[in-house]
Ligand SMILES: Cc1cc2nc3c(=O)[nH]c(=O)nc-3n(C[C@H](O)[C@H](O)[C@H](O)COP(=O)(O)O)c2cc1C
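Single chain ahead, by itself, as structure tokens, in the form predicted on its own.
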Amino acid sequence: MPLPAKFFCAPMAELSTPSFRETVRGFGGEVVLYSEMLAAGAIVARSRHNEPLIEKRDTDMPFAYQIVGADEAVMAEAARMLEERGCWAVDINMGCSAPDIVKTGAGSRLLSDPERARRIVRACRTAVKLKLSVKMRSGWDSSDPARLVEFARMLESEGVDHICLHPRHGKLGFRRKADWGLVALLKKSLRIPVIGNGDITSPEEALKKLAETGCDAVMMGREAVKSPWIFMLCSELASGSEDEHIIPVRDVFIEVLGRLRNSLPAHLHKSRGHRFAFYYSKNAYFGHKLFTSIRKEQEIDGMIDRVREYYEAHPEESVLRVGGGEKHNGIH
């Protein structure tokens, strides 16, 4: 079955909040949205802390929840519980390389344990009827093409509906350049759709990767946080349109922070506000200075005050012209 869109907004811990997703959707464009990476154990335990993280809004669809864990029974139950909430897909995380995740055997560490990965996928496939996917790295401690294809074919044989590949191995984190040749290889080796992910910083690059690799869709993460309008630009470019847009970057900054304040409990404000600001501040010429001032704030209102102060001092940066055939200014 074809995917519902050619562009996907990545599941990102502390970033893919309902507030951020609302902003992405507000700009329009063809895009599938994801939740934050969700701990399967916390979902099954019905943790109150987790409740705001699994909120789904009507504007989110098409929407996927992503779960992380290493116990097949817990993962399957979490998938079943999320299916009841309504979504397009449940995604199994086999890509996170954070130390606190991989030390439990979860995330990209599962790539070194194919049998455990198989048990997790099999249990989740039995538990849910909706689309089941895997977001994965190209390996745990190396990117061996033959092992990658073998692992992905195992996932396919266990009933995974599509795979998203970030073509770096787990131990690399975000170092070195993503090897999109591995995305092309996986697309040629599987019958199910393949999504490519990694280092895309412009609409032109997104369409180039689609054409070069033959993959079914591309996923963007860090660049989408900096430029939540990128999916609008990708969709327009794909349709042959090159309209120019005036983006109110200052107002979007304040809008997302305000939504975080209004929709999340206070104990999540600092982490989510700072994480969003780290990437979005890159739109400012003196972005490091702006983020440094925001990082000193513990509460959202203080963060908003720092944003207002910066743009009062630099009013010419309050808006940004994008599209119109001009190259998108991405994160480098």
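Given the structure is predicted, the values throughout are model-derived calculations rather than measurements. For every residue, the number given is its place in the sequence shown, counted from 1.
Unshown form predicted together with this ligand; subsequent notes refer to it.
J.: Wondering, does residue 162 line up within 4.5 Å of this ligand in the predicted complex on heavy atoms?
T.: The answer is no: residue 162 has no heavy atom within 4.5 Å of this ligand.
J.: Applying a 4.5 Å heavy atom distance criterion, does residue 228 contact this ligand in the predicted complex?
T.: No - in the predicted complex, heavy atoms of residue 228 and this ligand never come within 4.5 Å of each other.
J.: If you check in the predicted complex, is residue 322 within 4.5 Å of this ligand, heavy atoms only?
T.: Taking the distances in the predicted complex, the answer for residue 322 is no, it never comes within 4.5 Å of this ligand.
J.: So, in the predicted complex, is residue 221 in contact with this ligand at a 4.5 angstroms heavy atom limit?
T.: Within the cut-off, so yes.
J.: Ok, 282, 275, 56, 269: which has a heavy atom sitting within 4.5 Å of this ligand in the predicted complex?
T.: Checking each option against this ligand in the predicted complex, the one that comes within 4.5 Å is 275.
J.: Out of the stretches listed (113 to 121, 72 to 80, 251 to 259, 198 to 206), which one is close to this ligand in the predicted complex, meaning heavy atoms within 4.5 Å?
T.: That would be 198 to 206.
J.: Out of 133 to 168, which residues reach within 4.5 Å of this ligand in the predicted complex, heavy atoms considered?
T.: Heavy-atom contacts within 4.5 Å come from 135, 166.
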